[in-house]
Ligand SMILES: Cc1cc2nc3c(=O)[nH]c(=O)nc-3n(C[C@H](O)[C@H](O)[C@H](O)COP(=O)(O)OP(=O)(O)OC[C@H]3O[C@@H](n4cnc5c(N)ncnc54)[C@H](O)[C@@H]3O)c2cc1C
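A lone chain, given as structure tokens: the form predicted on its own.
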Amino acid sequence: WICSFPPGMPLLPPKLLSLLGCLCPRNKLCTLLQRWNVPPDLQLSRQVAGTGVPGKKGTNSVLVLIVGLSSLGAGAYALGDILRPGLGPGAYMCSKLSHLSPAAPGTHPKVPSHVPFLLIGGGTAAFAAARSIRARDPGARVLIVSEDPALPYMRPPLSKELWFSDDPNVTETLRFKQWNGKERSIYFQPPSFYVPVEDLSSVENGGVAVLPGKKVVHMDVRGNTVKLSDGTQISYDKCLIATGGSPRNLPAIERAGKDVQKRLTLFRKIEDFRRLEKISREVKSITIIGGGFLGSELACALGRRARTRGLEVIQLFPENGNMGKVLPEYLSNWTTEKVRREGVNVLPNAVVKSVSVSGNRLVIKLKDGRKVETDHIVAAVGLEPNVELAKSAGLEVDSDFGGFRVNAELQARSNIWVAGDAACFYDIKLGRRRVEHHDHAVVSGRLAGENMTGAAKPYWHQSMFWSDLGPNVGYEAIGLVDSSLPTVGVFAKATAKDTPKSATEQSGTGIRSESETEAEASEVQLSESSSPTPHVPTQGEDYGKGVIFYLRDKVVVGIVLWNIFNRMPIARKIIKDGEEHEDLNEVAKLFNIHED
């Protein structure tokens, strides 16, 4: 905006224009201070660079920059005559200010050598911890080092709402309508929420900075330092490891070679969503391997396109039905039929033996002799916790559950905490666990942040998780939900209000954990209900809504709420109490499942 003045504004002196031409040869100086590596002490402060007069954007910035560059130009002219008689002032300044050239792609601003709070990983757990730290210590300086090139974002919409968007540019905007119709971005906060990395050490009142696209490759626990992939070293006072996990692959696919790998998606990040969305528009057939949360959600999402665009969607898995490791058999079978009604060709009891390329198609051979031909494969077969730092840091990895082994306060060492998918923690009610869900990342990240600022609180607030098979069928769960445990299910007829869409209309949020985790179990008073006695389901029944209790030694350790929403605090209270119940039909009444 300096090099293209509005009509009537006096022209700058020719020698200053020469200097501006040197600094900005294409006459675009508007992003000079943001895109160029200007030393912090030479940058305009936010106050000075702000608008001087309402309605006249950038008044102060223009004035200060003109005055400052005029002075620099005058000094350059004098120095040029004295020190470089053969050079003009513009050329001399270019030689002196050559370090202000645009940063090379992939480079980052100056990283502080020390930070009070270092968070390794840029996902949900790290963001929750950062907010928790700042809530308890408003002046805290927090640095998030993230291997992901994007700012912290929520993952659930990548396999849920984004697929149901009618916006043709959804892969770029990453904005979506929640089931309640409200629009939002998948990013937790806009870029303006974060402090520039180079300003973190000096900015007033601290803040949260994100260093994207960098990986911590070595950790010196005794020296309180970490080393990044580019060789940068950072020391810290307190550190959180929230490295998450990486999608598992199938051995049969890993052995198949590069031609198969090129047609494989391991779904986890924004780029995976963008790539799969593009592929779904170009190919005729996609096969999803995996019958768990992610596989079933993607099957339903892509099944919608099967009806509208002629895309063939196949889902295969070794279990008897969808969600077979979580839901009791009768409900798993019902879920499988629901997925089929969404337009998906579901193949249960399918174990992959080999994958090969035949012509232009992939051929999946199953152990029972069946063959499946397809154009692209999505492997949704679980997550492998990222624990590479354990070796250099000398941290323990749990041999049973995987992940960094931590105590009930999520501590691995006196000044190191772990949260999210990578934490194998001790649950004071349910024992040693590792959980891979969004709400656990929120709960554990928040607790780690509190404990990093001195709270010394154990993990007792049970996180929940949810899965939606489109806007009309969904469930929420808490505790240990394992189909190998004894279960008791109590169901009732559903109404129009008993859908994920209706639930989000009532709560005002599509990411249901944002509201659910605010209610503490101790706040819920269990009382008897006069509702009629619910019934235990029979095979073939249409399971409208209900409660499934999971038992261990006659004590409820897990609960699934099927098309019942905004009742999670009650379920949390039941698990926290850890009592035996003679009649779970009476307990089911507490969820008011017979309300109209």
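This one's a predicted model, so the numbers in the text were calculated from it and none came from an experiment. Sequential numbering from 1, following the sequence displayed.
Below, we refer to the form predicted in complex with this ligand, which is not included among the displayed structures.
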(message) If I superpose the C-alphas around the site and drop in this ligand as it sits in the predicted bound form, do 3 or more of its atoms land within 2.4 Å of a backbone or C-beta atom here, i.e. is the pocket blocked or open?
(response) open
(message) So if I measure heavy atom distances to this ligand in the predicted bound form, which of the stretches 383-391, 202-210, 166-174, 249-257 falls within 4.5 Å?
(response) 383-391
(request) Work out which of 338, 263, 446, 215 lies within 4.5 Å of this ligand in the predicted bound form, going by heavy atoms. (result) 215
(message) Please identify the residue among 474, 290, 122, 479 with any heavy atom within 4.5 Å of this ligand in the predicted bound form.
(response) 122
(message) Contact check in the predicted bound form: 118, 136 and 239 versus this ligand, with a cutoff of 4.5 Å between any heavy atoms. Do all three pass?
(response) no
(request) Find out whether any non-hydrogen atom of residue 268 is located within 4.5 angstroms of this ligand in the predicted bound form, and reply yes or no. (result) yes
(request) Consider residue 433 of the chain shown here, and say whether it contacts this ligand in the predicted bound form, taking contact as heavy atoms within 4.5 Å. (result) no
(request) Answer yes if any heavy atom of residue 403 is within 4.5 Å of a heavy atom of this ligand in the predicted bound form; otherwise answer no. (result) no
(message) Within 4.5 Å, heavy atoms only: does residue 148 come near this ligand in the predicted bound form?
(response) yes
(request) Using the arrangement in the predicted bound form, list in sequence order the residues of 143-174 with any heavy atom within 4.5 angstroms of this ligand. (result) 145, 146, 147, 148, 155, 156, 158, 159, 160
